[in-house]
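This document starts with one chain, in the form predicted on its own, laid out as structure tokens.
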Amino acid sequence: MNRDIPGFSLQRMPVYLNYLRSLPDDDAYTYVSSGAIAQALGLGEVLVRKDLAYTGCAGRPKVGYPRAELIAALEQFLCIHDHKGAVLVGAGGLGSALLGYGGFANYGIELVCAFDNDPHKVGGIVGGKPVLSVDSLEAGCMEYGVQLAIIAVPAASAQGIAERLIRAGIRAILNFAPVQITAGEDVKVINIDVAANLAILASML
């Protein structure tokens, strides 16, 4: 649980981890400074130091952070070594791509199954994961004992699916439907509208 860290700082933690993991395993990178991290990621050095302070890993003056220790601290902070299962609702184009994406394992997360209402997909395998009927959503979530879910359904269905997931014990939802979904205070929701974010980028050109 990392409830006390500001949201933007928390969002940067995986970015730091990915950068540190990408560095060569040689003596030149045994230590890495906050300045080097800031420059590589286009961030302020003071901001980087404040963020990394939440991990409990201390840098050394004029030397920097021991890279291996900082990676371990970030992994512990992000609970990467605690296996977490997740389900996906909506095995369409985007959902199928997510099911085939292997990057979740880098953060200790496994998509265990998908739910869909397409009879041609139900009972089959997509991205190596079984596709179950959306009618069995609540029972399936409880059977797998998951608390994480991804929604990739049309906007009109997203809120209803979210409410069913919450009743099934889901405590965190990543929503790719192009609509804001609401949940109780005990359920964490991140809404990601891919088209809207691309439009924002286009407006910056």
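All residue numbers are counted from 1 along the displayed sequence. Here the structure is a predicted model, which is why all the values come from computation and not from measurement.
Below, we refer to the form predicted together with another copy of the chain, which is not included among the displayed structures.
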Exactly one residue in G128, P119, G103, G124 has a non-hydrogen atom within 4.5 Å of another copy of the chain in the model of the complex; which is it? G103
Which of 63 to 71, 168 to 176, 28 to 36, 50 to 58 sits within 4.5 Å of another copy of the chain in the model of the complex, heavy atom basis: 168 to 176
Would G184 sit within 4.5 Å of another copy of the chain in the model of the complex, counting heavy atoms only? no
Quick check on L98: any heavy atom within 4.5 Å of another copy of the chain in the model of the complex? yes
Using a 4.5 Å heavy atom cut-off, state whether V189 contacts another copy of the chain in the model of the complex. yes
In the model of the complex, does L78 have a heavy atom within 4.5 Å of another copy of the chain? yes
Heavy atom contacts to another copy of the chain in the model of the complex at 4.5 Å, residues of 168 to 205 in sequence order: R171, A172, I173, L174, F176, P178, Q180, T182, K188, V189, I190, I192, D193, V194, A195, A196, N197, L198, A199, I200, L201, A202, S203, M204, L205
